[in-house]
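As structure tokens, one chain now follows by itself in the form predicted on its own.
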């Protein structure tokens, strides 16, 4: 089965937006900690948890224990997306008589634990896990604890008990976002090493300073370290934890408080503070404009694709673009599913297979079996019937569904009935199958026009710009509406893949910040622009925003 990458991403976005809606309606709450665990919750709800929203007390359900109960908006939003109650109920957050309180309460369907005082959830989870063993039940206990919460002595008493009783039917996450109620965790009670300044990035850059994993290992636990915002790493870690027998497993997920909204990220004041209502449209626009960068490995050394995959992984690519060419649909030949299957064990980063082949309906199952997480086929070699079959195969195997159009192709009418089911639309901005081409300038207008067609047909996926994308035009591609960017020679063709991906991200971020400032101006003029800029107090973001506002004449 595939990673279910795009479904998880789409539902994580829905959940984050509900957190904003709920905390604004309540004028209080905890968006920061809800956002730091968003991808963890997304993976659990959309891939691993066994549950039935119509029967919340189903005896064989898996249990999700949110020990860091102040992040209840993050739990409630996922319960709403999963179908436990109507998403509109999130606006009753923290109101008298509501099922959705400031901490999880059993009156809310899907809640397994009344998370009030911190430090109790792990002990409660161990009790659940031991009871399941005694009763001969196969369900699993998933628990999320906070890093600030780990100041509580009961957490470590529970850690000893879990190791003693070999509680291996429980998977625990530490949401390691480095921030608790009063300040940075490393300034209050360090779990890694003391933080001297306010730059959390130094903790990310230097793994030699990470001590928390060693602490848990010393207590007899199986420990897995991950980036808690990488869906593929979360997925892989859960698989490993669930397969481990005889010892309890804990996943140390290094996360960013407020992830997804720049002014909240790594900012202690957003531990427990609601956004102002006038900021909601801008925040939602920012959440909707998250982006991904996917190197195309055929632009590298075709004789050593294994090394190119490793370079992508080391470069922190969001996913890896695999251009499959058959020499028939396009003049060149690259590789097929056999090679992809050989490459798959090298990394857990998602594989995005772009099939530039004739009769893809005959071959799509081979690419599912090879381990592709996203498969895209061309409209030029499909019709309604064959694409319908392709879509069904991919969805049944939790593989993302993609459709591609060549520069001289428009979306055919038959494709409109599938738009709501698409995870990805590739807009080719070069003629496929030929190397060294420049970006076709008319692709900008084409993408802009497609955005409206897609929106009218309830598209919730991602537009991918593919062909001739460079540092010079990636910002405009973002403005057009693309949110995924394939880089061939502009990324893989460079010596320092990680460095060039960082430059791509910075170029896109500048365009995104510009769009958000323009939106602020449309909604509230210079006053709202200045208020929006003033929220950005961490790092160098504020200075760039001020400069952009000056360039736009909004200061």
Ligand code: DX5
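Numbering follows the first chain given and starts at 1. On a predicted model such as this, the values are computed, not experimentally measured, just so you know.
Beyond the structure shown, there is the form predicted in complex with D-xylitol-5-phosphate (DX5), which is absent from this document and is the topic of what follows.
Among heavy atoms of residue 436, some come within 4.5 Å of D-xylitol-5-phosphate (DX5) in the model of the complex. Interface membership of residue 321, defined by any non-hydrogen atom within 4.5 Å of D-xylitol-5-phosphate (DX5) in the model of the complex, is confirmed.
Among heavy atoms of residue 488, some come within 4.5 Å of D-xylitol-5-phosphate (DX5) in the model of the complex. For residue 348, no non-hydrogen atom is located within 4.5 Å of D-xylitol-5-phosphate (DX5) in the model of the complex, even though that partner is not displayed.
Judged by heavy atoms within 4.5 Å of D-xylitol-5-phosphate (DX5) in the model of the complex, the contact stretch among the candidates 269-277, 138-146, 253-261, 426-434 is 426-434.
Though D-xylitol-5-phosphate (DX5) is absent from this view, in the model of the complex it lies within 4.5 Å of a heavy atom of just one residue from 296, 180, 150, 249, which is 296. Note on contacts: among 360, 468, 402, 461, the single residue with a heavy atom within 4.5 Å of D-xylitol-5-phosphate (DX5) in the model of the complex is 468.
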